[in-house]
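Same chain, two forms, each on its own as structure tokens: structure 1, then structure 2.
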Structure 1
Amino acid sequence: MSMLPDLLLVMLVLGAALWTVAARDRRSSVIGFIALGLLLALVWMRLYAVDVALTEAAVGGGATGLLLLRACARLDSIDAGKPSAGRTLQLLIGFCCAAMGVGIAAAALGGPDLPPTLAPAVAANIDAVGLGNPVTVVLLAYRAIDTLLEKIVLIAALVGVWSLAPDDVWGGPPASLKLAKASEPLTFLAQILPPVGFVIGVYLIWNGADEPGGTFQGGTVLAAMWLLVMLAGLAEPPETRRALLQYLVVFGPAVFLISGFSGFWLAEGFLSYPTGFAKTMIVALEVALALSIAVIVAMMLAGPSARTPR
């Protein structure tokens, strides 16, 4: 009995994936992908990875979904898709991919009977950090360098997105997100939901220290709420050259960097936290990072500048 939901879930996931690849038009494919993102949130819950489930729901269902859907709307007038490969080639590639899948399954599942794990090491050292959520401890203490570099990756990608603006509008605001068919229910939604979403986002960030949640999940929720306001036309995206915006983008990573270097003097080296203050510092860091993430994610979705700066 306990396997039944899992079996169904796997079938649904694979079905959505097949739909995403095979769907005739672009938009259906994107919606299949969004559905997949939400189903995966359930899968992650079954694998006891609630932090990942939250991230997958926020990113797969929310951020990536909006990104791809807006792209669909913009691409509509352009191309209708090209002829696909011949049937023999399709079969051949399909066969290769199936073989690859079998290989990966064999390699991943044929492991040792007693799987190796870092869980005991995480548990043994978690008291030194003083947080209740082991995933946050891994992200901001043991493997803090990955998290720091990930923020740099986000910034590089944002600069990459911004760089696609035409020369003459560089520094100006991105194209307005306001829906052409904006209407009263939308405005109403955009007035009521963001305060609720804001509280939920802050809750996720705050809660992340001890329970599932954290910076990226919370930050993305904040970004989603800002975008909702912009979609309803209640606010316009800011100019990318605005100093406040640029400082917000670098604020979180800069705080991370400073706290990392302070470890040389206050603790045992780069990216280590002074004993007793680790939790305080990590929570402060999470708040700063979430703020930057919210701005970066929202600006990535808004796209490059499209109007001349004032």
Structure 2
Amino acid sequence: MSMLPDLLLVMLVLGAALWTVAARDRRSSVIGFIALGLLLALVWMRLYAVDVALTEAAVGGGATGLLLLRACARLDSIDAGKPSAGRTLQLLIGFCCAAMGVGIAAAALGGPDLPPTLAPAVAANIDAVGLGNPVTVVLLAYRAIDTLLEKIVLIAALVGVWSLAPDDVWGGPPASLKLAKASEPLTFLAQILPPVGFVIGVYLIWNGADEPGGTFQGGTVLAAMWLLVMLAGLAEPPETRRALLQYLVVFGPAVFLISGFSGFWLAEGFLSYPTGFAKTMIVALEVALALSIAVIVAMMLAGPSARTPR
């Protein structure tokens, strides 16, 4: 009887995945993808992987889903009056996707029965870092170079979004956030929700050192609150040419790089922390990275400039 909720969750995940693939309308497919991301967050919760569940809900189902919805809106205006892809091209794309799925499944199922893991080594040395959350220890101590490169990739992605703006309006504010007339429910929500969301975002960032949470989760919540305020017309979207905005985008990765190079003088090498100060430096890094992530995610969802800057 205890397996019934898990079986129901598995059926919902498979149903959402099939809907995402089989839906003929791209917008319906994206909505299915968002539902799939939220269901996968529940799956990770059932597996007691709270950090992964929070990331899946915030980034996988939330931010990525909104980006895809923005892409759908842009494609709808571009594809108006254009013929759709032919049957041959559709079959070729379907075959390639199926082959990729089979390859991933074969790689996942063909590994050793007991895959290698560094979990015991992390557990044995977690006290040396001073953090209580092993996920944060791995991401910002033992695999810090991967985390640094992820943040740099986010900056590159934002530059790619901004580069979509025509030359004559480059540097202006994103026009997609400016509604003709904000609805009263949206305005009311933007007035009462951001203070609560801000506290939750800060809590996730601060709590990530010892409990589930972290920079991505907290930064995404802060970005959502900022977007809500701008969508309701309570704050103007910033011009992408503003120096402060651009400094905030690179602030977190820059602090990460400075901290990494300081390891040559203060510790054992690049991205190393001095003994007794690891937790302090990691918490400071998380705050700086979360601020940059909030700005990057919000600006990516806002899109490129689309009107003449003031």
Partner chain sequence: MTAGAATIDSGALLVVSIMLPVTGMLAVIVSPARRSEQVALVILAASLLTAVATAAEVLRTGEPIEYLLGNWRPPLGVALRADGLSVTLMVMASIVLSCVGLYASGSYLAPPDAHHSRSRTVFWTLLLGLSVALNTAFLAQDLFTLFVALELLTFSAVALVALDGRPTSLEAALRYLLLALAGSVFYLVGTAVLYGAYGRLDLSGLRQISRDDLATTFALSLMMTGLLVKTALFPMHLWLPPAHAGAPAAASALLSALVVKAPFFLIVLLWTGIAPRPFSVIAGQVLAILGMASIVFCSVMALRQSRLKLMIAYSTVAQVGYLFLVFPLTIGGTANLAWSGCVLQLVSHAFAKASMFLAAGVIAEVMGHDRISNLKGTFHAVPITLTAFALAGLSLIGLPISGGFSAKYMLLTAATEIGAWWIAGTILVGGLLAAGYVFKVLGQALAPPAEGFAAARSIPLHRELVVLVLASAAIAMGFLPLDPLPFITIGRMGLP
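Take the two forms, superpose them, and find the largest set of C-alpha atoms that agree within 1.5 Å; that set is the rigid core. All figures in this text were calculated on a predicted structure; none of them were measured in a lab. Numbering runs along the sequence of structure 1, starting at 1.
Participant: Do you think the form predicted alone is shown as structure 1, or as structure 2?
Facilitator: The form predicted alone is the one given as structure 2; the other form is structure 1.
Participant: Align on the rigid core first; then say whether the Cα of L69 has moved by at least 2 Å between the two structures.
Facilitator: Yes: L69 shifts by at least 2 Å between the two structures.
Participant: For A105, is the CA shift between the two structures at least 2 Å following rigid-core superposition?
Facilitator: Superposed on the core, A105 moves its C-alpha 2 Å or more between the two structures.
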